[in-house]
Structure formats: structure tokens, C-alpha cells
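Form predicted on its own, single chain, as C-alpha cells, below.
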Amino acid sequence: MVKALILIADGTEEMEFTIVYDTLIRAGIECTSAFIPRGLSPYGSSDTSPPLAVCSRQVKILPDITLDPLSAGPEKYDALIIPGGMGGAVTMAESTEVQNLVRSYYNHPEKRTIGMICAGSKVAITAKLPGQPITSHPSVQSEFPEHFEYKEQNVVVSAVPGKATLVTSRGPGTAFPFVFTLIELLCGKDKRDEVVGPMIFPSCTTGYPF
């Protein structure tokens, strides 16, 4: 079974997290959510273990685990996914554990997939990934060094030979094309089509099929 690790923190954008998690499950992908702690959070606190993640619009989500880098590596999961939401994205981008985790997936000899959406793409900067095509929420576009080839597209796929495939996207409104792209890469186009059909997107959905 294909397995995906989805990170979450206080301030994560709940649409980007839940749409991705839910849709991957529909494709038969086993998902695990991992909480990234950051001291005293301005979003709230919880006595649960792992703690409730208080998302950007105050929706509370109980993650499956708290991140343990030793058991979260590319030997266990096929994909690593980083949602946006500025508060959560900053926590992840500043986390040494997350930076190291991203690099381990990117350089793993058995090719893996890394997904980043919205401000979550900031982690590509702090993890010091090499220059390649990338996108993000427009609010953080100016933060990307010149060696990245920034694109204003809903979804950008970068496949450097011998490295993980990096999939980036722009924000809550592009979460569906983002996750459909991940499904196609992980499970094939037939599985993507199988998932999309029963979800009954209105014919007026902008850019559909994505």
C-alpha cells in the first residue's frame, strides 16, 4: 500500500490539510498526520497527546502522531506532504527536524514524492533544495531565491533525475488539483480518474478538469 505522511502544526490551513488527507484516503493511500510542535502557540493549546492542532481558522484537528523523525523517514512513507497556512508553514520551515526530513526524502535512492502547497513551499527554501520549478501562495513569492524557477501555475511538478518529485501548489483553491496530481504520481492516472468521478465537481468549476 502507498503511504503518505502529512505534516500539521498550529496555524496550518485546514482546507489544505483536510482536502489532501481526505482525497488521498479515497485513492486507497494510507495517510498519517504528524504534529510539529512549536513551544507556546498563539493559536491555543491542548492537553491531548499528540496535542490538538489549532488551525488558521480555529478548526481543531487531532493529529495521528507527534513527529518522530526516526520513524518518519522515506523508508516508511512514499510521500511527504506539507500544507500551508502561514503560522503552520513558519513552524515547519524553521524546524530543523522538518528540514532534515525533506532532504532525506528528496535524496532517497528509491524515488519519493514531496508535496508543498501555499506557504508550505517555504520549506523548500529553508531545507536548501536545489533550484527547480516551484510555486507557492503569492504572499511568499518574493522570498524565493533567484535559483528557483518561480511559476504562477496552479500546480508545478519538478522531476529532477535521481531525486524526489517535488509538487507545489498555490493555496486553498488549488488543493484539489494539487492532491489529484499527487494521486496520479503515486497511483497512476486511472486511480486519479476513479477518485475524481464520484466527487461530482460542478461543470462550472474553474479550470476543471484541472
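Sequential numbering from 1, following the sequence displayed. Nothing here was measured: the structure is a model prediction, and the numbers come from that model.
What comes next is about the form predicted together with another copy of the chain, which does not appear here.
**Message:** Just checking whether Val160 would be counted as a contact of another copy of the chain in the predicted complex - the rule being heavy atoms within 4.5 angstroms.
**Reply:** No.
**Asked** Would His147 show up as a contact with another copy of the chain in the predicted complex if we use heavy atoms at 4.5 Å?
**Response** Because no heavy atom of His147 falls inside 4.5 Å of another copy of the chain in the predicted complex, the answer is no.
**Request:** Find out whether any non-hydrogen atom of Asp193 is located within 4.5 angstroms of another copy of the chain in the predicted complex, and reply yes or no.
**Result:** No - in the predicted complex, heavy atoms of Asp193 and another copy of the chain never come within 4.5 Å of each other.
**Asked** Does Gly171 reach another copy of the chain in the predicted complex, with heavy atoms at most 4.5 Å apart?
**Response** Taking the distances in the predicted complex, the answer for Gly171 is yes, it comes within 4.5 Å of another copy of the chain.
**Asked** When another copy of the chain is placed as it is in the predicted complex, which of 66-74, 24-32, 181-189, 160-168 ends up with heavy atoms within 4.5 Å of it?
**Response** Stretch with heavy atoms near the partner: 24-32.
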